[in-house]
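One chain is shown next in structure tokens, namely the form predicted alone.
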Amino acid sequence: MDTMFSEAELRIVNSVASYLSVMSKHLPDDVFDRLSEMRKNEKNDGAKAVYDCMFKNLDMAVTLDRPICQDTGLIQFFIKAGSGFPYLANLKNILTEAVRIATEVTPLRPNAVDTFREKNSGNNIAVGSPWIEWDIVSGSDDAEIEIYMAGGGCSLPGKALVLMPSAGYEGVAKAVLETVCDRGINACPPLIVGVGIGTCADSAGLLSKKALLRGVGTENPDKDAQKLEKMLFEGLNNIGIGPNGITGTESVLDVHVEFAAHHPATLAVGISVGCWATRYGRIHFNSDLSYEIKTHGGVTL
């Protein structure tokens, strides 16, 4: 399959494959720091013991050079590429090959199952896997690639629904709270919760995934969106789900809201959830293929 790629393209393949391996074994800095803060704030003895197990797990992943969790998810790419990025035309194939290599070498667990024949491809390559979302930027020649390992448990609470506009933002908050209360425990809390608001289910769902990956500790620049983020953060933490659902002081690492204009007759909400070991990464390639990793400090590929 390497014959499909130029020497320069193979550099991207190998860099992304290596980064996928790093992501599977090391939490992004913001998730690790927030989890450390939550561990320190925890008052429940049982929950403290769970946090101790989580951090022992993180240490062993590094020591043994193995993924943090046996479920390394399905790989999702969110690409912000310049129209002048020299490798744009073949980037889908480049990323697909990187997933194949990482699955074999890391190894990542094969999770791509054919929908109608229920057959596992064995290499995480199948229809729609890896999943790729594109944002093309005119006049730019670089590319930023955001990667998410979408595990089964953290995907279970995912939801997108369209409300009557009369439901208002109270209806949005109710949908988020009910979703986390209903299925949040299946997603290995504490959780990162992404909320998307828009005009239809697909746009709200995509916005919620982008919100999930925005970075722990960040705020939406819109003041009203910030208020909703704070309200949901406080409300979800007051539920007391705690780490792994055994009750505790806090239940969520963060809550992020992203939004788009909505039709006057609809108000859609999407909800995406990340587990305590949310594995996401962000790598920026310049046109000369020099790169910067923005989520894992000190990592070189």
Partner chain sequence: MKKVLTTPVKDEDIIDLKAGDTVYLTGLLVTSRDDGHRRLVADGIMPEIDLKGAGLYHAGPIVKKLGDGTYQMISCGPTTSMRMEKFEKDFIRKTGVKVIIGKGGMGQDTVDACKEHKAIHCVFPGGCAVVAADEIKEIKGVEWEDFGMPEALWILEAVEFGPLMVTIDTHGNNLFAENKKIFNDKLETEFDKMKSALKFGH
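Numbering follows the first chain given and starts at 1. Since the model is a prediction, treat every value here as computed from it, not as a measurement.
One more form of this protein should be noted, the form predicted in complex with its partner chain, which is absent from this view; the next part is about it.
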property	result
Its partner chain in the predicted complex reached by all of M54, R66 and I246, non-hydrogen atom within 4.5 Å	yes
Listed range touching its partner chain, judged in the predicted complex by heavy atoms within 4.5 Å, from 203-211, 220-228, 78-86, 134-142	220-228
Partner proximity in the predicted complex: I185 to its partner chain, non-hydrogen atom cutoff 4.5 Å	yes
Non-hydrogen atom contact E170 with its partner chain in the predicted complex at 4.5 angstroms	yes
Residue contact check: D114 to its partner chain in the predicted complex, 4.5 Å heavy atom	no
Proximity of C181 to its partner chain in the predicted complex, heavy atoms at 4.5 Å	yes
Of V105, L177, I125, L161, the one that lies within 4.5 Å of its partner chain in the predicted complex (heavy atoms)	L177
Residues from 121-145 in contact with its partner chain (non-hydrogen atom within 4.5 Å) in the predicted complex	none
